[in-house]
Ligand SMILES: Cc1cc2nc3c(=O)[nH]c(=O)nc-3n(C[C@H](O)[C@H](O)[C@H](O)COP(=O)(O)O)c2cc1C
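Form predicted alone, single chain, as structure tokens, below.
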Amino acid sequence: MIFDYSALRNLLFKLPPETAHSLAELCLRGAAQTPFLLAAIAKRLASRDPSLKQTLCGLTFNNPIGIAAGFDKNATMIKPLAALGFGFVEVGTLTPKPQLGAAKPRLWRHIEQKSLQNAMGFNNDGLEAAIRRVEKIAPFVIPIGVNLGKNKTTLNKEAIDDYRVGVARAEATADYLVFNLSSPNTPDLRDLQNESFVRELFVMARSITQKPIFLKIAPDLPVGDAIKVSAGAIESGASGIIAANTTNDYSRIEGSDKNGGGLSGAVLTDKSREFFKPIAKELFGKTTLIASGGIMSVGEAWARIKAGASLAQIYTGLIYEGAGFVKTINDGVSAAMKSEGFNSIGEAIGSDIR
């Protein structure tokens, strides 16, 4: 690592979580204005193991570890996140109109559980502002995904119109798109995770673009329903499934129900893994699977890859482990591959269920 993150984390954790995030964003944006600093960071942290490289959905991923949506909501940190070693960056969630999100406080740490709880409510600068930022750097050295949602004031019966606006505006610039129907922080949004709406959504999207499009689902769906919805999405044109979003299973942290929102981090690890496995068992080989939720260690990333994930996304782990966490996972996956006799990441993906 470039520095002792534990000392910096102790300082950051004295600040309210959202303030700490804003400070981190300010620092990363500052680094983006200093090319030699970005180059130095990338030299130290970026993985250069060619065995981690793969092509999926026509896109080249230098390594399988990406940053999940929610960290870079407004596409302001893409360059420095690439320098930290991420193989891909997903921005958003973006809504057609800017919105402030929920009232503060809306982000909490559960330090003993190495977890976060967020009830942000899709706060973002709006689709137009964010896509203009992406346009300034696209095409970029790593894939950029754009995660799309609906505005809070948009009724569910009109939700497809918000997603249509998102696809139409973002598709020319984004390398891939994601439909977020699974945030627990927009009222009734998760009700859209039904086979009928999902099929309609992807048929609509495929009438506009041939770019890769993924569906992000919630780990609180009954597994049978999740498989049906995912299969319907794939049959209707989805390129893959991201499993999964945060959980509103508040039994996992005592007292967390008073704040609402979604839990992420170590408290989500086992739930997300066990949710992912049956979906992968059903859909592996038929589509591209991206694992997300509770990936807090090399071992967990490696387990998801062997369970069928072509890619894995982190967020909360970055908060608790620091900038070097991306390199730690990539180096660890490289070492695990070699120790188990795999010559490439492609050979390892789904090896537990083939």
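When you see a residue number, it is the position in the sequence shown, counting from 1. What you are looking at is a predicted structure, and each value in this text was computed from that prediction instead of being measured.
One more form of this protein, predicted together with the ligand, exists but is not displayed; see below.
Contact annotation for G265: at least one heavy atom lies within 4.5 Å of the ligand in the predicted complex. Interface membership of G294, defined by any non-hydrogen atom within 4.5 Å of the ligand in the predicted complex, is confirmed. Within 4.5 Å of some heavy atom of the ligand in the predicted complex lies at least one heavy atom of N147. In the predicted complex, at least one heavy atom of G70 sits within 4.5 Å of the ligand.
Contact annotation: of the candidates S239, N245, T186, S230, the single residue with a non-hydrogen atom within 4.5 angstroms of the ligand in the predicted complex is N245. Only one of P143, G92, G85, G261 lies close to the ligand in the predicted complex, with a heavy atom inside 4.5 Å, and it is G92. In the predicted complex, no residue of the candidate spot (I131, R164 and F214) has a heavy atom lying within 4.5 Å of the ligand. Annotated contact segment (heavy atom within 4.5 Å of the ligand in the predicted complex): 265-273, selected among 230-238, 165-173, 199-207, 265-273. Taking a 4.5 Å heavy atom cutoff to the ligand in the predicted complex, the one contacting residue in 152-184 is N180.
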